[in-house]
Ligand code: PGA
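The chain below stands alone and is given in structure tokens; this is the form predicted alone.
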Amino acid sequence: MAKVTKRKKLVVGNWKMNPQTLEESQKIFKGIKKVFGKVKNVEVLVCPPYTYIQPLNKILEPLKLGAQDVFFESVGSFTGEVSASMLVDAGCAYVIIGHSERRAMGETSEIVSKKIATAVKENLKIILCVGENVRDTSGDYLEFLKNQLKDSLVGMQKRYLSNIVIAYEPVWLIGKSYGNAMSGQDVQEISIFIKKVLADIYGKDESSKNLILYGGSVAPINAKDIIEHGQVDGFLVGRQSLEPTGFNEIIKIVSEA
């Protein structure tokens, strides 16, 4: 009988516009590295601001680096933008696309789909963020989530699908206290729903390859319940990823699940 290879889980730290100095970013990065070498079956990714990517790449192993966004054009007169090829050259393996904070600034699913298209051509792995703004009792949020997912993946060829990680962000929970995070059982329902939507688009065999992450006020206090009962493959962590002690605890929890 062929040996089944267990796929690695994924923990992503999204630093957003933090910290304020390169020195501080290096301190946080090294603090995370101290523990990471002791865990198994978990890939750990840090997504710092653009200006820290290349300096952190020099002290990278065994972590991976990602970017928080990318532009949908490859080259040209686009002041302030960064292309997928630039990210690869800087040392990025992943890029977050469609984060709720970007969508709140006006980024549409059409723009998200363009960004994904240009990023996969450079062999970047994509962390596609989706999630509803409000949770209604009638279940309309599920239709919103389905359409957001489908619209963000418009034109995505099946051969690139394995490079897409889906990060579910319940926007209505982001920034709330850690005690307000969704329960593992609630996350499980959404995870199953996302898998069904992907299966309807690409087929069950292909869509089974996608990792699904949860990102919504993740901390050590709730990570165990969510990873054990939520049918997710890891976490997209915000502010807690800037605290090496807490972030490392999350990594350990995922590793032991």
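All figures in this text were calculated on a predicted structure; none of them were measured in a lab. Residue numbers run from 1 along the displayed sequence.
This next part talks about the form predicted together with this ligand, which is not shown.
Contact between G230 and this ligand in the predicted bound form is not found at the 4.5 Å heavy atom cutoff. In the predicted bound form, E101 approaches this ligand with a heavy atom inside 4.5 Å. In the predicted bound form, this ligand sits beyond 4.5 Å of every heavy atom of V88. The closest heavy atom approach of V165 to this ligand in the predicted bound form falls outside 4.5 Å. Of the residues given (L45, V218, I190, I53), V218 alone sits with a heavy atom within 4.5 Å of this ligand in the predicted bound form. Between this ligand and the residues L173, A117, L145, L161, the one pair within 4.5 Å by heavy atoms in the predicted bound form involves L173. Residues of 216 to 245 placing a heavy atom within 4.5 Å of this ligand in the predicted bound form, in sequence order: G216, S217, V218, L236, V237, G238, R239.
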